[in-house]
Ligand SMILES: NC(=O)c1ccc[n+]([C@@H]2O[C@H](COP(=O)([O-])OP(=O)(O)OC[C@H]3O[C@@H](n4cnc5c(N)ncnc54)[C@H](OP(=O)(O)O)[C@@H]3O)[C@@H](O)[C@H]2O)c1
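Only one chain is shown below, in structure tokens, and it's the form predicted on its own.
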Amino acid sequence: MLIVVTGATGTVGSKVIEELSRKDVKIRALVRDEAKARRFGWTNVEIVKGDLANERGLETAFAGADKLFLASGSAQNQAELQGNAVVAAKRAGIKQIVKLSVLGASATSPVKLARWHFQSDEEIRRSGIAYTILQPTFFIDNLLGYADTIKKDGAFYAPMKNGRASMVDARDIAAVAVTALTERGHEGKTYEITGPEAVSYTDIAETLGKELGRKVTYVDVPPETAKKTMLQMGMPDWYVEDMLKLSEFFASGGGEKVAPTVEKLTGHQGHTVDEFVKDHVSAYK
């Protein structure tokens, strides 16, 4: 069985390849940057240079493949890019698509990314190809983005108030994806994926402090301050607005739901925030 992975050098895609490498399958990684891909040190992985914007090129990249893990970076033309992949997959005869979506994807979401994901999710459902849609919540891995200020100030800043969220480790999303790709019975399913517990940023600060052996503080900041900082970092306006809406949702406690998907599909409990911090503590030193 040959499985193509798009977004192969991304947070989840790279871990999907790592998980698939433990299985008796052939893997083809579709990447835009071959040099970046080779730095992962993958063995027995066919690396193919390509872009979701090139529908013709996708047909070549998908040729002979049985299944597709579809993921792409956040972009304003995201639905179009993923739509190209769906069309190419159908022409190539791919039998199943496992697609990385987002929790809360809907046509009426106030978050653009959630609306765009819904659009491509629906296109996959209408395609006639067997599918599995994965809808994870906020990634624990995003906490690595605070490493610089934690090292510099012993603090990290966000407009999250005391809201609790069931953040999920990308390793667990990948484990669910690989289960859906390599085992039967997941066709036509949409899975919500969360972490095993709901925690606040204050809880996370305490965990970081314990692991680092020094005080780490979470500083709640007004949305206006967060917006200014993100824009100064070069993030596009639409993305900043989406992040602020997500922060508002999590700050209100909207992300507290814990779904049993990871344990049910993989047989093991998902990684907790404590485990994630222990595994990545060197990033904060």
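Position 1 is the first residue in the sequence shown; the rest follow in order. Here the structure is a predicted model, which is why all the values come from computation and not from measurement.
Form predicted in complex with the ligand: not shown, discussed below.
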{"query": "Contact flag, E55 vs the ligand in the predicted bound form, heavy atom cut 4.5 Å", "finding": "no"}
{"query": "Proximity of K36 to the ligand in the predicted bound form, heavy atoms at 4.5 Å", "finding": "yes"}
{"query": "The ligand contact in the predicted bound form: G13, any heavy atom under 4.5 Å", "finding": "yes"}
{"query": "T261, heavy atom within 4.5 angstroms of the ligand in the predicted bound form", "finding": "no"}
{"query": "G7, R32 and V102 all contacting the ligand in the predicted bound form, non-hydrogen atom within 4.5 Å", "finding": "yes"}
{"query": "Position in contact with the ligand when the complex is considered in the predicted bound form, options V199, A92, A205, L81, heavy atoms within 4.5 Å", "finding": "L81"}
{"query": "Residue (of S72, S109, T179, Q96) lying close to the ligand in the predicted bound form, criterion heavy atoms within 4.5 Å", "finding": "S72"}
{"query": "Interface stretch in the predicted bound form with the ligand - options 252-260, 43-51, 59-67, 218-226, non-hydrogen atom within 4.5 Å", "finding": "43-51"}
{"query": "Heavy atom within 4.5 Å of the ligand in the predicted bound form - qualifying residues of 122-155", "finding": "P136, T137, F138, F139, N142"}
